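Just the one chain here, laid out as structure tokens, in the form predicted alone.
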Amino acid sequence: MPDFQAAYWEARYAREGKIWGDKPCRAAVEAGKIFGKYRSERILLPGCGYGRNARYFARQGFKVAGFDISTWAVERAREEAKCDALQIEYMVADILNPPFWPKAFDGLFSFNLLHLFGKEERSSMARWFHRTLEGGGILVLTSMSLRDPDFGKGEEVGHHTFESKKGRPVFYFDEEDMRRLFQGWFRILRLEEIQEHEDHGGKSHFHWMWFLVGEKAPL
């Protein structure tokens, strides 16, 4: 992730703390059911933030690892996992230069990370998701939809891409974008738009996002 994005997230966490509270997001709760259905055991969370979703998965009995570009977020995630006696492996790392694990994962949960990157970066991430999962591994992913209320707000900096907050351009997906990106890498088991409720910044609001479930495809 470019340095300006790292600076954005460090500054935002320093200013707002645990931005989204402590409860897991709706998508993580649904992902836990999906990982259970497919008997996933080892779950990786790129862009794990301060660990609210990672802790949820660990409490459900999954073996969990996560990484984030924000040192502040990872330090808080480690502290809270320790306080809750949860064994979660955390690292500070960039999704564009991800850490190496000696063993592949059988589940990967990516929450609202993909849309923060440009076209070539998104393609690289889809390949990395595929490479990081073992055969038959399950990807559960969310990313912003064109239906989101923030689409069109701020400066337009590219196709379907707007910078409503300085230092955080967002790409808004349509269904064709999602299917094209993962074609060949994953067999799409489920693709639908969902609403996620958030309560931060002094107001309660919803975001529209795509919810994708994919099974690693053989090459």
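The first residue of the shown sequence is 1; numbering continues from there. Keep in mind the model is a prediction, meaning the values are calculated, not measured.
Keep in mind that the form predicted together with a small molecule is not shown, yet the notes after this line are about it.
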Answer with one of 111, 105, 90, 129: the residue that has a non-hydrogen atom within 4.5 Å of the small molecule in the predicted bound form. 111
Assert contact residue (the small molecule, in the predicted bound form, non-hydrogen atom within 4.5 Å, options 185, 172, 67, 35) equals 67
Taking heavy atoms only, is residue 211 within 4.5 angstroms of the small molecule in the predicted bound form? no
Is there a heavy atom of residue 116 no more than 4.5 Å from a heavy atom of the small molecule in the predicted bound form? yes
Using 4.5 Å between non-hydrogen atoms, is residue 94 touching the small molecule in the predicted bound form? yes
Does residue 40 make contact with the small molecule in the predicted bound form, using a 4.5 Å heavy atom cut-off? no
Of 175 to 183, 148 to 156, 58 to 66, 45 to 53, which is the one stretch near the small molecule in the predicted bound form, taking non-hydrogen atoms within 4.5 angstroms as near? 45 to 53
